[in-house]
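Take a look at this single chain, the form predicted alone, given in structure tokens.
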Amino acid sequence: MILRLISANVILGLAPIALVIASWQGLVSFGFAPAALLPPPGHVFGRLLQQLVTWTFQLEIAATLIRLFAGFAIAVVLGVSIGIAAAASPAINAAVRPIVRVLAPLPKVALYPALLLLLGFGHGSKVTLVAADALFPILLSTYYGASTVEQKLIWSAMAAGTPRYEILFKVVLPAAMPSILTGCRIGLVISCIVVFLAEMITSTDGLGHALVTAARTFQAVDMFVPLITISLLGLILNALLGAVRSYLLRGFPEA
């Protein structure tokens, strides 16, 4: 029964991807788009396999992943810490709430020129942009999860003489974990998008830089390879985080 359910989920997940690839091939085959601008998917995936075994392309992937993981890790640490603190302390909540209301709707990419001036064109500006964009979904999810923890759990821990800081780590944090991990999955997707965009704007390496370089030289096939690569990386990382979520929440009914 479980295997059938997993197979059905896999088929449902792959069907939209297959539909997109088939539509892509149809646009090229029926002449709706010239092959010079929209190459057939077979050519793109063949070029991708060739690139994956080259040291140069592996370095591009590594540069993107380093920035992605660094920014995402910073966002997780800050988002979870601030979210838990805001839920536990009315004073911190009062200080954080207006900042979140102002900065959360702001497109963080608008801050990128200022980050370039402050942190330069290296990893720092891109990592900071990724962290800033991924922070708020994680922070808000953590705050919501921690704020909705049943009070009777906290009262029971207090009645047992558990110190306040231990209640945060032994009661509130585990109870808020489903919401936290949901925010992390959203933040991870945002991180993939933002790091690619930052590398397209200004970078000397990374998948975004590879796309811009190919576009400037009118190499259509090589232009699509970084797009497919970042999509596959996002798919793999999301699946891995989903597996971690299922493992950590194996005792939760909604997991």
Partner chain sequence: MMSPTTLIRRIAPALACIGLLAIWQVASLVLKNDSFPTAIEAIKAIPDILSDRESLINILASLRRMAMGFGAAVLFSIPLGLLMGRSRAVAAFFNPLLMVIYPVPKAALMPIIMLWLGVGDVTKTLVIFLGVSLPVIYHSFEGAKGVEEKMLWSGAAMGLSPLQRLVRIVLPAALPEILTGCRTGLVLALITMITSEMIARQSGAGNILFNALDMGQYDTVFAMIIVVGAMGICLDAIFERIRARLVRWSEPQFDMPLSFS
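Think of the rigid core as the biggest set of C-alphas that the two forms share within 1.5 Å after superposition. Model, not experiment: these values are computed from the prediction. Numbering follows the first chain given and starts at 1.
Quick note: we don't show the form predicted together with its partner chain, though the next part is all about it.
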| F218: touches its partner chain in the model of the complex, heavy atom cutoff 4.5 angstroms | yes
| query | With a 4.5 Å heavy atom cut-off, would you call I17 a contact of its partner chain in the model of the complex? | reply | yes
| request: Look up in the model of the complex whether I99 has a non-hydrogen atom within 4.5 angstroms of its partner chain, and give yes or no. | output: yes
| Just to confirm, L140 within 4.5 Å of its partner chain in the model of the complex by heavy atoms? | yes
| query | Taking L37, Y144 and I190 as the candidate spot, are all three within 4.5 angstroms of its partner chain in the model of the complex by heavy atoms? | reply | yes
| Answer option from I66, L52, L227, L59, heavy atom within 4.5 Å of its partner chain in the model of the complex | L227
| said: Please tell me which of L211, V28, A70, L48 lies within 4.5 Å of its partner chain in the model of the complex, judged by heavy atoms. | reply: L211
| task | May I ask you to list the residues of 97-135 that have any heavy atom within 4.5 angstroms of its partner chain in the model of the complex, in sequence order? | result | R97, P98, I99, V100, R101, V102, L103, A104, P105, L106, P107, V109, A110, L111, Y112, P113, A114, L116, L117, L118, D133
| task | Return yes or no for L19: a CA shift of at least 2 Å between this form and the one not shown, with the rigid core superposed? | result | yes
